[in-house]
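Just the one chain here, the form predicted alone, laid out as structure tokens.
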Amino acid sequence: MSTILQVSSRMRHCASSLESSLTQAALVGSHAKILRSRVIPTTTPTITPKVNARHLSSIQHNPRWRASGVLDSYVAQPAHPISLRQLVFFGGRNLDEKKIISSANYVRTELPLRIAHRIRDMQKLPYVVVTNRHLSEVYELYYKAFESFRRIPEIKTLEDNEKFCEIVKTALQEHLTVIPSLAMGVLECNDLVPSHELDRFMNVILRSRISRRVIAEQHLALTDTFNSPFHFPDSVSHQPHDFVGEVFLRCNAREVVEQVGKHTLELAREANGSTSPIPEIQIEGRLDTTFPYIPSHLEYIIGELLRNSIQATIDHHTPSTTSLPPIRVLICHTKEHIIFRVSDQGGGIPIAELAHLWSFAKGPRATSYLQNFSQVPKMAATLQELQKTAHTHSRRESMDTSLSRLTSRSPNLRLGMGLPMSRVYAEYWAGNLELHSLDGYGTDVFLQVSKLGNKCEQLNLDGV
């Protein structure tokens, strides 16, 4: 009997211990469930990244949950790309009330559609990347714009269009911080996701950003033209030097290089001192070449190329000499393309840096570039905003457009995004940008742009 009682006592003790263990397990499971609901997204991330202290400090903004039904309906629809020629033909003749309202409704329906696709791209990123404070800010800006534009009713009158234009202007102004936020977010997450995936994400999202600003700014410019006291709706012709919206019909390659070069040299003198030697810019080739283009896009690309060449030449040759070799810009054209070659003797690019030259993530140099971003408070972009007194091709000089503090930064303030961003702008209108470096001597950069304006905007990397 005593043996039975001992066994019974042990069984009761085991049962009590088991019950206690189950209770603790339930509590732990409950806490784990709560933790998972706060940290783990509803969809399984494609990558399980390793998080370090630097990334934990940047996870400050968890994107707010929203029902995806409405977004799904927009993502299911394709965008409708346009070409420079279409922009010119639409706005170049007989610009009347009907065309203005038609343009407004195209922008009204196209903006939320293009934004929706980019929101979905961000949702596909690993959750630890989306919660990066910089990328989260972009996500919230995009969702706010998406909700705003999709709720705008059909535009039927000029009064409706005026109200719509004010909404567009506000959105353009609010999104001036998108480029630095994207760049800083990618740099902070460069070891969470493979560089090629981050670069693909940046290429697509920046192309889409350019596209939205093109159609939005084009409509604002057409509205300004229509409201101008010098506008005559019945006119069937326009002067060859005029703009059609934001498109300059006779963009002169030599004038663009001269204008941008003058400004870039001024920035170099301010950064290096008035007594520091500055290389000369020599322009050669077909100096009378003209073509239709959006000047701000070309000015940004040429500005970045000249900035790199000027600073590299100064760094490579001073203080050993006061006579710097010139930077040569060769302009030539074919039946379909304009080609710029920018050549310098700035020592070339070290072989170790070539692997990350076109990358936004920048690999091991990400930290140094990230620190430089603190000196660029807000980037609006395009050369015309930076120029203090110089002549500009801009139609709307008082309005922030897409890229200025970025271009107006000191040439020796390196952000690591000038070349990859320039390639995005070049490829947007089916152009190209290539670089050839001879380490120890210099570089040749080749920019090719479409001469005819008949290529549609390249919204995706596959050209669709």
Partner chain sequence: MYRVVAAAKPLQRTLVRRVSTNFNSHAGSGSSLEGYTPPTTSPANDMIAQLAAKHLDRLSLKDLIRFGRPPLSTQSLLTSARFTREYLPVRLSRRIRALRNLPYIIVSNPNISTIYNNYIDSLTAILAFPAASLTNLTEESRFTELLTEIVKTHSNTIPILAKGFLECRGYVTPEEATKFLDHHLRARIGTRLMAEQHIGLHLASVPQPPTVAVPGKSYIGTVDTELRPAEIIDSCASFVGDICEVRYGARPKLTIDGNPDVTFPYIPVHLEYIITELLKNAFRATIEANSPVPIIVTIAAAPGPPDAGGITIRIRDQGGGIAPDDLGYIWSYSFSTFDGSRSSIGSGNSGHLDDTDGGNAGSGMDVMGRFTESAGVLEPSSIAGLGYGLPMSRAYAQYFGGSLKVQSAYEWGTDVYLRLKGVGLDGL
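Residue numbers count along the first chain shown, from 1. Values in this document were obtained by computation on a predicted structure and should not be read as measured data.
One more form of this protein exists, namely the form predicted together with the partner chain; it is left out here, but the text below deals with it.
Of the residues L141, L354, V204, I283, which one places a heavy atom within 4.5 Å of the partner chain in the predicted complex? Contact with the partner chain in the predicted complex is made by L354 alone.
The partner chain: the contacting residue among T275, T334, S228, T321 in the predicted complex [heavy atom, 4.5 Å]: By the 4.5 Å criterion, the partner-contacting residue is T334.
Since the chain is shown here on its own, which stretch among 188-196, 207-215, 151-159, 338-346 would lie within 4.5 Å of the partner chain in the predicted complex, judged by heavy atoms? Of the options given, it is 338-346.
Using 4.5 Å between non-hydrogen atoms, is E427 touching the partner chain in the predicted complex? The answer is no: E427 has no heavy atom within 4.5 Å of the partner chain.
Close approach of A271 to the partner chain in the predicted complex, 4.5 Å, heavy atom: No, no contact at 4.5 Å.
So, S422 and the partner chain: in the predicted complex, are they within 4.5 Å at any heavy atom pair? Taking the distances in the predicted complex, the answer for S422 is no, it never comes within 4.5 Å of the partner chain.
Does the partner chain come within 4.5 Å of any heavy atom of L330 in the predicted complex? Heavy-atom contact with the partner chain at 4.5 Å: present for L330.
Those residues of 435-449 which, in the predicted complex, come within 4.5 Å of the partner chain by heavy atom: Sequence-ordered list: H436, S437, L438, D439, G440, Y441, D444, F446.
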